[in-house]
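Okay, here we've got a single chain as structure tokens, the form predicted alone, with questions on binding and movement later.
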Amino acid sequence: MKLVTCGLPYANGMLHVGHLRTYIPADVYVRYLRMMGEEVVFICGSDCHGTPIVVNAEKEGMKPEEFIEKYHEHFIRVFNALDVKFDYFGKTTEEHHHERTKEIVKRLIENGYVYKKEIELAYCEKCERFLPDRYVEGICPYCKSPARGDECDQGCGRHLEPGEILEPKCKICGNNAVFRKQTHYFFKLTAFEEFLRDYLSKLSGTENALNYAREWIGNLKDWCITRNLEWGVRFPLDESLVLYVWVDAPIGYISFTEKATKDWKKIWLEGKAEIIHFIGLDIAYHHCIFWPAMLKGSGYSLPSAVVASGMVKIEGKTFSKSRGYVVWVEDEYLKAGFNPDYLRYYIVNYTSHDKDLNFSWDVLKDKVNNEIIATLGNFLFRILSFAWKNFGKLEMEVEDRVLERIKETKEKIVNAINKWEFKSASDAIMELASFGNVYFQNSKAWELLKSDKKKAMKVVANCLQIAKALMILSYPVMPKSMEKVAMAIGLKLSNCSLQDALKVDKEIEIKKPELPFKKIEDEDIEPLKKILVERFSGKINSEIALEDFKKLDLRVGKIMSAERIKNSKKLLKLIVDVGDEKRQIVAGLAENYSPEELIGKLVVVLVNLKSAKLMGVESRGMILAVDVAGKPILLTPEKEVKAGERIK
């Protein structure tokens, strides 16, 4: 038995293309496992607690219960539209989830893994409340960048414990906060270092998640697991506190399994199942370190594998909702009327699961028209139409070489799925479709019909076997489309195993087939591309006066020195001659330019930009560049000019 879970979508916003890197591959994986004869339970649910939900519900004048219900219903609607079929999709507000969470926390307390400690927390004297997580903003204590209360989101990316943030301000009223002492409770994560070393050496999954987690061993810190909120699961030892969202959210995997199957104890208490988590790479620490330590400390079964997707880019730009680099699944893709299977195929076929995926409307059109339609759709419709028009019913006599080619494809898919290589599996399908196209074209069955109808029937029977195999093998990736195609031969795909791709029927009766796919035209995607362009340019194409432009002090600068900033992959510290002085500027160029090649280069500098600190290093100015496919290309003068020359 296998339990497959997906990271819980946070009930704080709509689903975007980035989310689908977890949910679609997991659904494809589960469908293939079931067609291999595996018993699988597939669960997920809405993550409904935490400070951001309370903050945003307050902003919208709603109660948290109403706020999360809006997004929970949205998740269910979109997953249904995309044919992502969970056995149970719950909410962490459900009573049985609260009960299971408290039971696990009580076990941790009884086993000596929870302790109390007096700490200093940000307190707003105007609002008269302690400020948990995203109720507070300030400065990261590690890199000195602006940060949220729970994470350095603009600098080093580190998780911040309550009370760590410097120069705290209340996010609600904007006033400076003060620090006050309060007792909170901590999970003794440091007690699990040796266990985690051993566990991670055996844990299966994608290397991106495992390598990321291994880097943290030796740098573990105990986690504060309580918060000052009214919204959440009450902490058993102090009902005035609630549990941190990262304590109760993963316990949803257990509580939702309880609702999905009566065998939940076999899975979570008796260790009689493989537990496979599909997640985004950004939550690998929680799933590979914090979560298994909680499970070990409370006596529950441990995950067998953690499968993490790569990150997502939109039209070559790093995904960012705040900057508009986002595609909303329901409002843009589904409401535009596109086949959900096109997006399913794109997500699994664009690149390897653990690599970065770039979503582009032009690439979507190309993959649909030149792969799905030109290769797979062309073969299926062509052979089904030919068989229906010329035979109606065929006796099935299939060559060994055709069956051998189908068998090879099936084995490729099985091997790929067992390694979470979804691109390899979908590529194998297209290779078989290409084989079918070549086989039919070379056979010239339309000519054989005139001279030897019996021989023509044998050719068509071989092609029909390939078509049947393609329907079965493609079903987990493109379920709606394949169900539609399979109606022409009376095949019910939900009852099929992968082995049925090799099963030769005595005869097949063909009904008139429908076109399986619709081509994507330029006019279908132009409005959606325009939406992105408007977002990229600041959502509103507003004009500025010449006087406003003249306020910008743009000059030619000459880079005198360049060096990498410690603990940063992207940032370089530059000394730039801007004419009347030499400025220190921090620039995100390290992934595309070496320090050596920058020295002596002429660049364009915005000089009168307000200074800021990045990774604790002061930056006084901005070097201008063009973003091409997510990579910065520096703007440089056409000819040699003096440093300090003004740009007019």
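All residue numbers are counted from 1 along the displayed sequence. It should be emphasised that the depicted structure is a prediction, and the values quoted were computed from it without experimental measurement.
There is another form of this protein, the form predicted in complex with the RNA, and it is not shown here; the text below is about that form.
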Among 325 to 333, 367 to 375, 459 to 467, 397 to 405, the stretch whose residues bring a heavy atom within 4.5 Å of the RNA in the predicted bound form is 367 to 375
In the predicted bound form, is there a heavy atom of the RNA that lies within 4.5 Å of any heavy atom of F130, even though the partner is absent here? no
Spell out, yes or no, whether the shortest heavy atom distance between F517 and the RNA in the predicted bound form is within 4.5 Å. yes
Could you tell me if Y285 has a non-hydrogen atom within 4.5 Å of the RNA in the predicted bound form? yes
May I ask you to check whether L220 falls inside a 4.5 Å heavy atom distance of the RNA in the predicted bound form? yes
Only one of G579, G588, P52, P595 comes within 4.5 Å of the RNA in the predicted bound form by heavy atoms, so just point that one out. P52
State the residue from W361, W264, F440, Y123 whose non-hydrogen atoms include one within 4.5 Å of the RNA in the predicted bound form. F440
Scan 485 to 514 and note down the residues that get a heavy atom within 4.5 Å of the RNA in the predicted bound form; none is a fine answer too. none
